[in-house]
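One chain comes next, on its own, written out as structure tokens in the form predicted on its own.
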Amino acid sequence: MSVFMDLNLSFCADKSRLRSLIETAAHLGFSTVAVNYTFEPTAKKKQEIPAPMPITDLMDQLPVVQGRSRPIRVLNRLTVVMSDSSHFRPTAPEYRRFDLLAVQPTSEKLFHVACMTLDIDIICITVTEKLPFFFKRAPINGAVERGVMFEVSYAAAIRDATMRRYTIANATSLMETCKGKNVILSSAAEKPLELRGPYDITNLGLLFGLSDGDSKEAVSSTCRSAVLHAETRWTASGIIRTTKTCSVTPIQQEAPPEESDAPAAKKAKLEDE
């Protein structure tokens, strides 16, 4: 059975709405979701990167996934809207608070930089307006080789007819270039009514130009690859991972066995000597 994921649930300050989003996602059969915090820096004033809300502050008990006996897994994600190359700071310690790291480039040059050099997990494709550039195969192939995913969200297409045309046009342009590789489909939902089930999203992927197999993977195995890629970003190529552990008292050395505990054959040998 496939494990479905939605790696883009828009964060909102209203805890009840965010709680309802997570509960609806679990009811629709999503095993993993990511709460997305959008950060859009400006040149006029310095802005602080938002801190993720602990899930314990949101709900006491996570809802159980429909059709499964385990609770839903909730991740935190940061999306940086890049209008300048200086907006992404790879050494910022605030980035380590998040499980997933994504960027949304607004120009062809920044898209090329994101594909080839930035240490990220996801590149968001703009769906609310017409793209100001055309996709080129070289940077997209570079991103695929590095394990970076391309995300297309569908909630904007539900809200407005104009955005629906932009979503389909931009998604189709991406699929023609990347051939369906490393594509994930997410909701970017702000309300529970904007969420759709995994199989509805699979049918939507066919409209975007994905094949039947790639469309199913875009809500399951490709999303899992993005999560695994995020976990290996803080490791040595995924080989070594360090975690903080509680201090453990040293194990006491065992005392040598007494003569009475020695085997019978050894005791007989000692008596002969």
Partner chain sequence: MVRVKSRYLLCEINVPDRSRLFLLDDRAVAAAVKAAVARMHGDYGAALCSIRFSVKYLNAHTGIVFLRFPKKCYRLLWSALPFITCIETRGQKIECFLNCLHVGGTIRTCQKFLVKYNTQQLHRMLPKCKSEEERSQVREAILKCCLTRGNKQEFGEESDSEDDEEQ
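Not measured: the values here are computed from a predicted model. Residue numbers count along the first chain shown, from 1.
Keep in mind that the form predicted together with its partner chain is missing from the display, and what follows is about it.
For the residues R196, R73, H112, H87, the 4.5 Å heavy atom test against its partner chain in the predicted bound form is passed only by R196. Proximity to its partner chain in the predicted bound form, taken as a non-hydrogen atom within 4.5 angstroms, holds for one residue of N203, T128, T117, S83, which is N203. In short, of 156-164, 117-125, 132-140, 100-108 it is 156-164 that has heavy atoms within 4.5 Å of its partner chain in the predicted bound form.
Contact check for L9, P50 and L78: none of the three has a heavy atom within 4.5 Å of its partner chain in the predicted bound form. Taking the partner from elsewhere, G67 is found to have a heavy atom lying within 4.5 Å of its partner chain in the predicted bound form. Its partner chain is not drawn, but in the predicted bound form it has a heavy atom within 4.5 Å of H27. Although the partner is absent here, D212 is a contact residue: one of its heavy atoms lies within 4.5 angstroms of its partner chain in the predicted bound form.
Remark: L207 counts among the residues lining its partner chain in the predicted bound form, judged by a heavy atom distance of 4.5 Å or less.
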